[in-house]
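First, one chain by itself: the form predicted alone, in structure tokens.
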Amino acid sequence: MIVVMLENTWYKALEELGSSMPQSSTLWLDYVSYAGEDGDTLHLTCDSVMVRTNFEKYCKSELERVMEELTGRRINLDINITTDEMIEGGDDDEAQEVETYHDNRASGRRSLLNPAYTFDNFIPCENTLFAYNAAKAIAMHPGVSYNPCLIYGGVGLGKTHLLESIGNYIEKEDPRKNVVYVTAETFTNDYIQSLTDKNTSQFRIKYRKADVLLVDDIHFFEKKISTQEELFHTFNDLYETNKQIVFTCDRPISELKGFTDRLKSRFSRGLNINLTAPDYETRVAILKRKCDDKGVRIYDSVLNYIAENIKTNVRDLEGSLTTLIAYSNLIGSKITLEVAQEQLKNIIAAPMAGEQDISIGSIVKEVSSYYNVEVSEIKGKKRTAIIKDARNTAIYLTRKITQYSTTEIGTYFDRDHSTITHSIDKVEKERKTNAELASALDALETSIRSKSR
């Protein structure tokens, strides 16, 4: 009981501080995660010394105060660094890591571009040909046409591949051009670091001196108003000097929440391209290309089976192929159709009748009827117990029954990815110990499926 209570208290405290603390302080809350607890000690994780230092300086005492108010007892926050480069020494080691971190941030190294992402190994189809041709045109004549450009679509469809192909092509054809490729998270971290160092001029030099700025996953900027402000001015500076700007996002601009209107208008100013899932023929071609890259031969019947059943994205196709190759190498067995069917049975599952037609709206309507609350309340901001239960149930059932991603679910409910994930985990955890809840969830699922047929 304590584990659940403290974890929930952590999220409640974050919500309270998010609306009461200065933006310069709440920035650090985005980079700290709940990791577990031990009695009255709540364990948190982050990925750098810089984040830990500033979290402890600006946020820790306020969080502990709020959590004490919510629980009626003193809660200690213990934050640790969990990265591939764990710190094992003392203060000297920490100082060295911070110094290395600063040096890497300031260097703007071009090696951030993945050399494997080129136009030559991107296989276009009818659904992706527009994006492919536009990206090539941008690479051949940066800053001339299609500026700015936004490529949007679901995960694993090739947005990053096309974005980095632009950068790799330009660097190869004109090494004099300054190509800056970053994820939105890196851009945010760089900006935070510049505030910490009180040296925003270095940050602005790095980004505003770019000839080509490529920013991946701009949906990460949601609700990060200070970073959006800096991006807005960077955008204007580059656009007015005819420098090329290309962004990627997991959804159209119109569906972005927590963005300033003037920044959304900048994104909408140029070319917006929707990248959708590849067709069957392209899926087969992608699988064959992956086999060639990996130096393996697999029966056409197996590749056709994968392509027929995995229609989501390129990442899932490659994941299935990797699974089969690993099985073959470890077991010493040929990859036959029967082997593929057995090894991929948990990935390729025949959907129940009507599953593809189930909408989030129909699920929310069914849940609202069961809990006797309004649909608008489930989607709204009220946090009474009954409405929270209904909202969590609707989110959980949407993820379980449909193929919507947590990001897409978050867009519908106007919540961020972490909130959606927390709701799903919470219901799954409670279901294991609450027979009444488990029965209600099963009944709701049965009813939703039957009405969709």
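Not measured: the values here are computed from a predicted model. Start at 1 with the first residue shown and count on from there.
There is also a form predicted together with adenosine-5'-diphosphate; it is not shown, and the following applies to it.
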Check your understanding: Since the chain is shown here on its own, which stretch among 283-291, 169-177, 328-336, 67-75 would lie within 4.5 Å of adenosine-5'-diphosphate in the predicted complex, judged by heavy atoms?
Key -> 283-291
Review point. If you check Leu324, Ala131, Leu238, Val314 against adenosine-5'-diphosphate in the predicted complex, which one has a heavy atom within 4.5 Å?
Key: Val314
Revision key, fill the gap. Contact with adenosine-5'-diphosphate in the predicted complex, heavy atom within 4.5 Å, among Thr160, Ser368, Gln193, Gln343 goes to Thr160
Practice item. Verify the contact flag for Ile205: yes if a non-hydrogen atom of it lies within 4.5 Å of a non-hydrogen atom of adenosine-5'-diphosphate in the predicted complex, no if not. Key: no
Practice item. Classify Thr200 as contacting or not contacting adenosine-5'-diphosphate in the predicted complex by the rule of any non-hydrogen atom within 4.5 angstroms, answering yes or no. Key: no
Review point. So in the predicted complex, does Gly380 come within 4.5 Å of adenosine-5'-diphosphate, heavy atom to heavy atom?
Key: no
Review point. Is Glu185 close enough to touch adenosine-5'-diphosphate in the predicted complex, meaning at least one heavy atom pair within 4.5 Å?
Key: no
Practice item. Note that adenosine-5'-diphosphate is not shown here; using its position in the predicted complex, name the residues of 116-132 with a heavy atom within 4.5 Å of it, in sequence order. Key: Tyr117, Asn121, Phe122, Ile123
